[in-house]
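Encoded as structure tokens, the following chain is the form predicted on its own, with no partner shown.
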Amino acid sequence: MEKAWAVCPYCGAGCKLNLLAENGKVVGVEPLDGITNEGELCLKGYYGFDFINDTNILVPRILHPMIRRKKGAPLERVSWDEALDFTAENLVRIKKTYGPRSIMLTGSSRGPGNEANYVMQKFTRACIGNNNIDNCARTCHGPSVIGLMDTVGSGAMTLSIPQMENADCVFLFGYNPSASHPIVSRRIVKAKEKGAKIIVADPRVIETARIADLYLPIKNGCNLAMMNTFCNIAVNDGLIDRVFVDAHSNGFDEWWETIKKYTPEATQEITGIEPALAREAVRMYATAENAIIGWGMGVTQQKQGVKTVHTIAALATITNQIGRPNCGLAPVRGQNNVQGSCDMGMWPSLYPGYQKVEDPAMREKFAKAWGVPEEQLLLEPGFKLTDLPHGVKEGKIKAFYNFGEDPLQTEPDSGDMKETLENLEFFISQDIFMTQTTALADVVFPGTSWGEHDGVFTASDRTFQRFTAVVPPKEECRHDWEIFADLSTRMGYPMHYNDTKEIWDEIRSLCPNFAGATYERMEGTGYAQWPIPTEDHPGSPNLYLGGKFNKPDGRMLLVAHDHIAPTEMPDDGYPLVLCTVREVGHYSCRSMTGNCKALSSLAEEPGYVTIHPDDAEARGIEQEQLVWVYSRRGKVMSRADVTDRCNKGTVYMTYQWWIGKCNDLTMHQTDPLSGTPEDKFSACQVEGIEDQLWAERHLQELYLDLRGRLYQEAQPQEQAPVPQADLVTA
């Protein structure tokens, strides 16, 4: 049996494991004593490996390059040379006709690694000649990156995940770790066992609320008002460290002019929190020796996501709960390498290492390193991923290169996204599975999967770790960085690398904060936590020690904003709030976990809509019944999960299902400061379906039809029969 050390590809915790292989197939995993997981794994870590083997449980692997010779034509299997030449010719044509800014690209946070993302952003800037490169952080923790860079200077966790169990208080805000990061949840449980106080602010009674010392049942859409209120209480109740504030922050007086209006009595109707309970929570947090605020999509996927992060950073600063071990700010990232994608410059305003494209000195530095004229590298930030729909409608974006993401499944308003992708002049999709997005592409490139390539991931707490291949690439699949380099060479900017170490060493040479993170240091269970400026530097579990923030003057900036209501409020036609959430058994668009035998058996199409018993009773809906959920964007089928653990007037859905695709219902409204979608609040309605037998049959028909079409797209010549297995329902 062969073994190769790897990092789990399913969340930002960075759990280390061995992949086990026999006869070219991955057959199991064993946990390693990694810095985060200490010999433990979660459900996905233990059972999420067999998608590598092309199980065909959900969708097939893409095993060869394909092209459409013209719009509407079928995909054809072609050689790599023909596929790359065809792609290069079309991109060069579009660049000459419409200009470099007419081409948009997005990177992947789901398994390719930092090296592949670095090469793609280099291809974008040095070859195509624009900054139109983004990644899925735009739709999740983009507000955390921007909000923290604005206030404290770096868009990342200020402490390490292992330190979370040594905190004296853990405040979770819009974050459900037991579903999204079970190994992090384990740390929080350990903190509780050691005597830490736990505060949970969430509309739902999430698992951690069951062990919380204080549970705050907040109203949906109240986030900024609640954080303003917490800051108000901290000041008015004498819970701030004024010496620390005066010595290490700017803007207090102007900040207070806004915050002073948000007393707990004034905001109770917005937040739903009794003033006494709010005061108790702030006192518990502020008076703890070391306290942590952890937040997730419940904070960031809102209309005022960046502004809420500004205020979270303010609360930590005014109470002096930052800049020490075991305390600080913890935006725990969702996908396994979303921190790494940002680290690598998959961001329209940042080069690798968070160096600004608007800085002429950075332009000069990267132009020299990459061997291009300075004018080739633009000083203007590029388009964001969420600019794609209106960019296509306005004729500004003509071509889109999608790398390892499934925006037709994961982006809001799926109907609008489908129209966007269909209206592109040229669309490339590089992936390991035939997703609904890839099925629309003019060019399909088969990349290698986790387990088939080497590289480095960055965990949510800035920890670099290496992963290695245990099986060779399948059939004609190629490493993603090789595809980008070959395409770039065909387009007139030669690129060649021998291996990922060569790429990584180039990254280290250009990014001072990453310079000491050598491959040798990351052998086995080794790791390197940035900032790590030299090879003999120990790494940095904590940021801002001693109150020295990563700002030009070393001082944190206090910024305050007024609360405004969400974009689309409930009304008579759509009386319920729809909020998207995650679940423990599946990941992202489900192309990986849906092809794992154990995980695919947990639940199946069309997924669940969680609804309060009072709302279900008013609609004649019973547990497990199929129902219609609809909004102003569309209508989908789902299965009712009736529970009093969710709040009345709001329903919750996960986004990975095909038939129960909640992103058919969500709207393309974004935080104006980050471009992140307002996925956590839109208006909807739920109705029962009288004929449940018809509904079950209709569900089967829709599912098998879609699955069959994806199989045919993946195998255009063979036209292999599609397995007609029955759906598995939980």
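Numbers for residues come from their place in the sequence shown, where the first is 1. Source: prediction; values computed, not measured.
Below: the form predicted in complex with a small molecule, not depicted.
In the model of the complex, the small molecule sits within 4.5 Å of a heavy atom belonging to N223. Using a 4.5 Å cutoff between non-hydrogen atoms, D671 does not count as a contact of the small molecule in the model of the complex. Looking at A179, you'd find a heavy atom of it within 4.5 angstroms of the small molecule in the model of the complex. Proximity of K551 to the small molecule in the model of the complex falls outside the 4.5 Å heavy atom cutoff. Shown alone, this chain has one stretch from 697-705, 26-34, 677-685, 63-71 that lies within 4.5 Å of the small molecule in the model of the complex by heavy atoms: 677-685. Contact with the small molecule in the model of the complex holds for none of Y118, R125 and C342, as no heavy atom of theirs lies within 4.5 Å. In terms of contact with the small molecule in the model of the complex, the residue from R508, K501, R363, R582 that brings a heavy atom within 4.5 Å is R582. Taking Q163, Q430, T208, T463 one by one, only a single residue has any non-hydrogen atom within 4.5 Å of the small molecule in the model of the complex, and it is Q430.
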